[in-house]
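What follows is a single chain, given as C-alpha cells, in the form predicted alone.
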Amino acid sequence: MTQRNEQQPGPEQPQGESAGEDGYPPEVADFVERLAADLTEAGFPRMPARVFSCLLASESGSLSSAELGERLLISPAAVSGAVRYLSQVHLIARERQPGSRRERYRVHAEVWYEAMTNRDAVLNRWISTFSSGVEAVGPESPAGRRIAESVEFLTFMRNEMAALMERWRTTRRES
C-alpha cells in the first residue's frame, strides 16, 4: 500500500485545499470517519461503512480501488470485501474503466431511494417467512400470535414505504 507523501491535490480534490496524508482535505476525512462511525453504530459493517462514506464524499461519487485504498489507508483486500458487500446491498455499482480491466466504484445517483426500493423485496421475503411461521406454530398459540403481529407490522411498513416512496418521487419531480 502506498501513501502519498506530497501534499498535492489528488484527482478528486479541489485545487487550493490542503490534503492530508490520505489525499483529501482533513475536514472531508473527518466527515468520512464520522459518517462511517454513525453507520457502524446503526449496524453497518465497519469497512463497507468507510468505503461508502468515502465514495459519497468524493466529488464524482466514483473512485477506483487504488484511490479508495489510498484515501482510507486500507489494503486492496479490505477494499474488495467492502465493495462486494456494498454491491450486494445495492449501494454502489461497479463500472469498467474504458480500455482497461480496472473497475471504478460509483455511488448510485439516488442512493437512498435505491436502497429503500430494494428493501421491498426483503420485506416481502420476511412477510412470507413469518406467515409460514404462523402456520407452523399454530395461529392461536402465543407464538403464533407474536409471529402474526410481525406479519401485520411488516405488511404495514411495506405499504407505508410504497406510499412514502411515491411521495418522494413527486417531491423530486416538483423541485
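What you see is a predicted model; the values in this text were computed from it and never measured. All residue numbers are counted from 1 along the displayed sequence.
The same protein has a further form, the form predicted in complex with another copy of the chain, not shown here; the description that follows concerns it.
Taken together, the three residues 58, 149 and 157 all lie with some non-hydrogen atom within 4.5 angstroms of another copy of the chain in the predicted bound form. Using a 4.5 Å cutoff between non-hydrogen atoms, residue 121 does not count as a contact of another copy of the chain in the predicted bound form. Residue contact check for residue 47: none of its heavy atoms lie within 4.5 Å of another copy of the chain in the predicted bound form. In the predicted bound form, another copy of the chain stays beyond 4.5 Å of every heavy atom belonging to residue 117. Contact annotation: residue 136 falls within 4.5 Å of another copy of the chain in the predicted bound form, judged by heavy atom distances. Residues 112, 116, 119, 125, 126, 128, 129, 130 are the ones in 112-131 with at least one heavy atom within 4.5 Å of another copy of the chain in the predicted bound form, listed in sequence order.
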